[in-house]
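The chain that follows stands alone, in the form predicted on its own, written as structure tokens.
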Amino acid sequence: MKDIRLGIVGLGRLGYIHANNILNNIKGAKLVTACSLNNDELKKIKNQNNNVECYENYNKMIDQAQLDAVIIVSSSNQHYNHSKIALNKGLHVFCEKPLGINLQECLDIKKIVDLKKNLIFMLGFMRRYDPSYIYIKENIDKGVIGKPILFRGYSVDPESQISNSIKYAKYSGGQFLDMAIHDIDLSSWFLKSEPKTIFSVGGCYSYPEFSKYKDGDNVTSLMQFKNGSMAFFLAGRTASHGYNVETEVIGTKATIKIASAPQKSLVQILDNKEIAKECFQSFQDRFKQAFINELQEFINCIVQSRKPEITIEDGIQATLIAQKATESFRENKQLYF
């Protein structure tokens, strides 16, 4: 069978990871085209593989290139538009989170996806394809921890990347939509319920630059689901030690958790002052295999004509919760769903 011909839009940090994985790690796929407004990013891909045709205009790429599918890794505020154009062109779509920056965008995409039943539409919630998170899910479903009571998720970017965070804040949709949405999706996946109430707080504790976008450098939410279970999220941008992702689920019988310390390996460094462990410095390192796994699943779904486990409804619920969390943060009050 011929390889699935892919185009990609967006070649920033994550876009380049996906492009590189398609070129080197994904079976049954071929990167045909790449689109970016940044000429240096296009040159970088050309240096990887000179056969990749480069575009600065997304519409032109979709109209002219002979594609089977498109990988959307553009800024969050472009996901809706880029997905709609590709779907209406008859292309399979892999779209990075979030599905849209508001609920209406998500619902509009759902209408198109429901009509285009022959097309594969998949969202980039890569943690669902990380071996540790798969293991947690399996154990929760088996009843190992009893009835889940509380989900706790921390997602904090390294402070060394703060300049990029400030630069991107204008387009991100806010921390809940940009960062906490991974924990939001996991909480729904693990706890198997719909949200009931949410209350968010936070602020600009170190970087007032975020306040102009009605955002913070550290924000939190406490949420209750309709089945009574709870979820707590922390999204931050100021981890001094590196990229910090922690996940814990407390049940009636046991607690299960990932990465109470974000250590890169089991190696310890001993000197005359301390015993130290290396920490992950980027999401690229922490979820390297998960990014490969999710794109391989996308290609497998196309080849096998089956739908991915992550549904359009998952994307809608995650966006709804993130939107309510942002609203609660800005208005400083508890909100109901």
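All of these numbers come straight from a predicted model, not from anything done at the bench. Residue indices: 1-based, along the sequence shown.
As for the form predicted in complex with a small molecule, it is not shown, yet the points below apply to it.
Enquirer: I need the one stretch from 216 to 224, 114 to 122, 135 to 143, 96 to 104 whose residues put non-hydrogen atoms within 4.5 angstroms of the small molecule in the predicted bound form.
Expert: Going by heavy atoms within 4.5 Å, the stretch is 96 to 104.
Enquirer: Heavy atom within 4.5 Å of the small molecule in the predicted bound form: which of 200, 187, 74, 83?
Expert: When the small molecule is considered in the predicted bound form, the option within 4.5 Å is 74.
Enquirer: Which residue, 126, 234, 239, 91, is the contact with the small molecule in the predicted bound form, using a 4.5 Å heavy atom cutoff?
Expert: That would be 126.
Enquirer: Is it the case that residue 11, even though its partner is missing from this view, gets within 4.5 Å of the small molecule in the predicted bound form, heavy atoms only?
Expert: Answer yes; at least one heavy atom of residue 11 falls within 4.5 Å of the small molecule in the predicted bound form.
Enquirer: Quick one: is residue 183 in contact with the small molecule in the predicted bound form, heavy atoms, 4.5 Å cut-off?
Expert: The answer is no: residue 183 has no heavy atom within 4.5 Å of the small molecule.
Enquirer: Would you classify residue 280 as touching the small molecule in the predicted bound form, given a 4.5 Å non-hydrogen atom cut-off?
Expert: Contact check for residue 280: no, nothing within 4.5 Å of the small molecule in the predicted bound form.
Enquirer: Indicate whether residue 78 is a 4.5 Å heavy atom neighbour of the small molecule in the predicted bound form.
Expert: Residue 78: yes, in contact with the small molecule in the predicted bound form.
Enquirer: Does every residue of 154, 210 and 320 put a non-hydrogen atom within 4.5 angstroms of the small molecule in the predicted bound form?
Expert: Checking in the predicted bound form: none of 154, 210 and 320 is within 4.5 Å of the small molecule.
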